[in-house]
Structures are given as C-alpha cells and as structure tokens.
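Next comes just one chain, in structure tokens: the form predicted on its own.
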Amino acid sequence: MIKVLKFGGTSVGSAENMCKVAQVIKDEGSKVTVLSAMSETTNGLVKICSLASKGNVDVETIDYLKTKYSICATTILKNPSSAIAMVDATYVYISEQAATYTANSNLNILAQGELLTTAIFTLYLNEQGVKAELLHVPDSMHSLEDGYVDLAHLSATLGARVKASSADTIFITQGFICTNYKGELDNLGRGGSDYSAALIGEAIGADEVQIWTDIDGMHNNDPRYVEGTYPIRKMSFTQAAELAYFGAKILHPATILPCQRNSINVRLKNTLEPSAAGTLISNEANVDSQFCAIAAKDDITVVRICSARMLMAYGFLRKVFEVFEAHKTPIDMITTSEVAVSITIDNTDHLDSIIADLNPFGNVSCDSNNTIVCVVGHIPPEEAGVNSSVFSSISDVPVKMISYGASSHSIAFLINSDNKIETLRKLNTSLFKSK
C-alpha cells in the first residue's frame, strides 16, 4: 500500500515528538511524509512580518525561534553541526528580509519554518539509517493564476521521481508552501499542509493519505466546548467535507476533493496515541446512526438585499452572485424570498466594495457576529421528523437562517455567536444522548 503521511506542527513541535513521528513513519511504511513547521513557528513568523511591514525588526521573536530550532537540532542529532549552520543561516535570512521588507518578504519569511523543519528531520532519519530524501516542494507544487495547483506539473516532477525510486526510499517534503504563477515563493494558506498531502497523494497514485495531529480523529462535536465527545470511526468524503468546511479544525476542507476523485482513503490519526483507531474517510458513509457529527463556523457575516425588483423576475440572483464572484468572495449559505435574499460570507476583506456594488439592486444591510452550525449525518430531506429532532432541543435559541434539502448529508443554520456554545451542548445532549 502506497501511503502519504502528513504531520502537523504539534506533532513535530519538539525533538521528542520528532522521534515519535520517525517511528510512526517506519511502522506505517510511509512513501512520502509531509511536515508542517514546528509548533509556534508560523504564528511567530506572521508576527515578524507584521512588525516588519511597519518598519520594525522583531528581534525577540527571531531569537526565540532560532533558539527553539537550535535546541531541537542539538537534542535530536548526533552530529548537529550542519543543522545548526542551517538554523543560523535561516534566521540571518529572516532578519534581512524583515529589515528590507517588500511585498515578497512576507511570502519568503513564512516559508522558512517548513523548509527548516523538514531539513532537520531528514538529517535525523539519515542518522537512524533510514534511506530518506528531502524534496523541495516549491519545485513541484505550482499554483496557477486562478489559485488552483498545477497537478500535471506536480505529477510530472515530484510524482515521477517518487514512482521511479527504489522501494526502500522514503521522501520528506514540506506542506503549506508552493511557487505561485509569478515564480515567487508562496503558500496555500493556513491549514494548507493537509491540502499539500492530498495533492501529493493524487500525484503519486497513493492508496491512503494519513493526517496526523494531536487528537484521535474527527470528533462528533467540538471537544473545546462540549464534554463527552467521541471520535467518529468512519465517514464518507461528503460527510467529512461538510464538517471540515463548517468548522471541524482537524482537517482542511480542500483535502477531500483530490482524494475523493481518486478514491484515496483519508485516515485521521493521533501522533500521541498511534495505536488509536482514528477516523477513516472513504466512499462509504457512516450510517450507524442518523446524526454523525456537529461543527460550527465562526466569524460569519450576513449580507441582505431587499428589493421589489426580485418579484417574479429572472436574472436577479445571477447579478447578485456576479458581485461576489468579482470580489473573489465565496458564499456559505443563501436563503431567498420573493423580495429578499440573504447571503452569508466568512471573508469580509472586500465587504465595503461588495455593498457598494449591490446598492443599485435594492436596500442592503449587514449583520456580523454570527456562527453557522452544521449537523452532518444520513439526513434524507424526504424523511419526516428530521428537522424537529434537530431544532426541538434549541427551541429557545433564535435561528436566523436555515439551509436544508440541498443534500441528504447535512442541516446548517445560522445563529448569533453568543449562542454557539449553548447550542453545541444542547444538540450534543439531544442527538447523541444514546452514546
């Protein structure tokens, strides 16, 4: 079985954890392993970039991260001299980029965590007698002008190299980072390491992509707010995509599509408890019970357009959608009546421009501080009583919008974020009380 394994920042956050990851790679027989930067790195680099854009070099954070990586290298390696030299050179480079900050400095700085983590880890594997090769993923992971990754190039470069390698060779590479269509070092966005692993799995013809974090699989609810949650042992690609998109933090939403279109199983595992079963995502749906899990997505803004011009008119909604498309702003939910349409978005970067472009269509208003709650499972819309079983337990919580019937996998609704925790807990008690 050909496997791609991806490990998040916490999994490689210390020398001790890196040793655990190395053992997992051996036990699982990983062909390609994708690593995030060590925990705290990306947040630190974002802070360095923020201050650099204002003309300040964040010496404190630079020194902290440099020390963190130096300690890791000297702890994990028998001969750390080359790794220490890389650490020193990397943070000299970061300091120089911060001191001479330009538009590209941000992208260059943010890539350094993954590059340094994978280099140190590959040196460690080699010292352990493992035939490991380090791949520089920006050479192969190229994003196009529309934001999508050039899969043909990824397959012809990284994919071809992996397929031509000997059976005992394993590859270590970076998640998150890429080269953009301008030829600049860039990234796939927060959580993009999961997406990197899925695309690499597609490029090499993998049978399974494993996402290793610090939690035992996808839980039925958010364990940060709800007691007594439990891991879901299996679910379909569609069910997992709904949960990931609507707030389940363990998996990046874009991870699902490359694996689904190639029937590559996705397995969510816990680095701290490798023997735990985790969650298997495949073509097979979870039909053990009607309701599978609950997720919540915060920072939602509602845009409402009220216009008598909608009455018995065609083409109105198309014009509204074109506004959001022009500003590259995805829509989460939509509800309509004869004279009004309500749309939710989670990206408000272009909100003022969107409102300006929508104003000619009618009266436009906005409402922020909202959360979308999504209940996922086997929920056929023609089955009586499904709605009541969801909403009866939260009858005292005001619901602003409902999305139901588009698929047989989910019910989503919008509430004020102040009611989120109460809603998650009440739904958990009502829908999963038997477990």
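In this text, residue numbers run from 1 along the sequence as written. Keep in mind the model is a prediction, meaning the values are calculated, not measured.
Heads up, the form predicted together with aspartic acid isn't pictured, but that's what we're talking about next.
Scan Pro138, Gly192, Gly278, Gly159 and let me know which has any heavy atom within 4.5 Å of aspartic acid in the predicted complex.
Going through each option in turn, the one that passes is Gly192.
Taking 4.5 Å between heavy atoms as the contact cutoff, choose which of Asn370, Thr42, Ser30, Thr61 touches aspartic acid in the predicted complex.
Exactly one residue meets the criterion: Thr42.
Quick check on Ala37: any heavy atom within 4.5 Å of aspartic acid in the predicted complex?
Looking in the predicted complex, residue contacts with aspartic acid include Ala37, since a heavy atom lies within 4.5 Å.
Look up in the predicted complex whether Glu242 has a non-hydrogen atom within 4.5 angstroms of aspartic acid, and give yes or no.
Output for Glu242 is no: heavy atoms all beyond 4.5 Å of aspartic acid.
Can you tell me whether Phe176 touches aspartic acid? I mean in the predicted complex, with a 4.5 angstroms heavy atom cut-off.
Yes, contact at 4.5 Å.
Choose from 253 to 261, 160 to 168, 192 to 200, 142 to 150 the stretch whose residues reach within 4.5 Å of aspartic acid in the predicted complex, heavy atoms counted.
Selected stretch: 192 to 200.
Taking only heavy atoms into account, state which residues of 94 to 121 are within 4.5 Å of aspartic acid in the predicted complex, ordered by sequence.
Sequence-ordered list has one entry, Glu114.
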